[in-house]
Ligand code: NAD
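Shown next as structure tokens: one chain only, the form predicted on its own.
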């Protein structure tokens, strides 16, 4: 049994990770300021500390909440919107950059050996080819991508023996979807946005022509990768893509979303608007390194994962707010 600190576990992906850790018998402390997450998403059995990852005092409260040393940190708390980062770049840099640095300082103060970080596919910027491999040069084109890439590099640096000597993993996550994804936040999770639109009987808005494409990976599969990284990642720093290797266009996605909710895509109102800054045209992950390093592979198809997400969304009060 390990003691794990998960930041951002009142939110979407973090709550799945905390849930799977608890299910296998680990002790879990959650640090979250509830700015994006919901208290009811924090899994039962975990210890909840309401606090900010930019606050050393809040971080130390979380490290001490289980009454013993923390074995690993899963750091997911942060600003998570490419498009919002253009509105408030300083806030984006503070939360994602300073917040990550403060968590690394907390890990050093408390003798943590493993640090797993939520990086992003936005760190790549427009890739020179597809699928995207971890060896490709990063050239982010959004403030969000810049802060994620910079924070990732700080995590990688922390693994050097002359720095902190952590066993560090940074996951460049592609488009994660699933239960507990926001159905109301217009800045996050395109699948959640589409499902919320349909369940509230709203028209769907597409930014661009809809032919841009993404790699959609189910949150439960992502959480498995994080747990495998805690247990079995190599010494030093490791950067890994998390996706499926399958590309889906936004037009294909909105039509599938409408159909999954039991509606007719041909009859659903859809509008197309100008594209937004920082949007990558096409992205799909090469996940062979995650397979080689962790023995990980996605198990849930987009069709199955979407059905699970719709079933959850129909029961969630947030869908109609």
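Remember, it's a predicted structure, so these values are computed and weren't measured experimentally. Residue numbers count along the first chain shown, from 1.
Another form exists, predicted together with the ligand; not displayed. Remarks below refer to it.
Novice: What stretch, of 132-140, 104-112, 119-127, 231-239, brings heavy atoms to within 4.5 Å of the ligand in the predicted bound form?
Specialist: Answer to the contact question: 119-127.
Novice: Indicate whether residue 270 is a 4.5 Å heavy atom neighbour of the ligand in the predicted bound form.
Specialist: No, residue 270 stays farther than 4.5 Å from the ligand in the predicted bound form.
Novice: In the predicted bound form, does residue 77 come within 4.5 Å of the ligand, counting heavy atoms only?
Specialist: Residue 77: contacts the ligand in the predicted bound form.
Novice: Is residue 95 a contact residue for the ligand in the predicted bound form, using a 4.5 Å heavy atom cut-off?
Specialist: Residue 95: yes, in contact with the ligand in the predicted bound form.
Novice: Can you tell me if residue 144 lies within 4.5 angstroms of the ligand in the predicted bound form, counting non-hydrogen atoms only?
Specialist: The answer is yes: residue 144 has a heavy atom within 4.5 Å of the ligand.
Novice: Can you pick out, from 198, 72, 155, 173, the residue that has a heavy atom within 4.5 Å of the ligand in the predicted bound form?
Specialist: After the contact test, the surviving option is 173.
Novice: Go through 34, 66, 293, 259 and name the one with a heavy atom inside 4.5 Å of the ligand in the predicted bound form.
Specialist: Among 34, 66, 293, 259, a heavy atom within 4.5 Å of the ligand in the predicted bound form occurs only for 34.
Novice: Quick one: which residues from 186-217 get a non-hydrogen atom within 4.5 Å of the ligand in the predicted bound form?
Specialist: Sequence-ordered list has one entry, 188.
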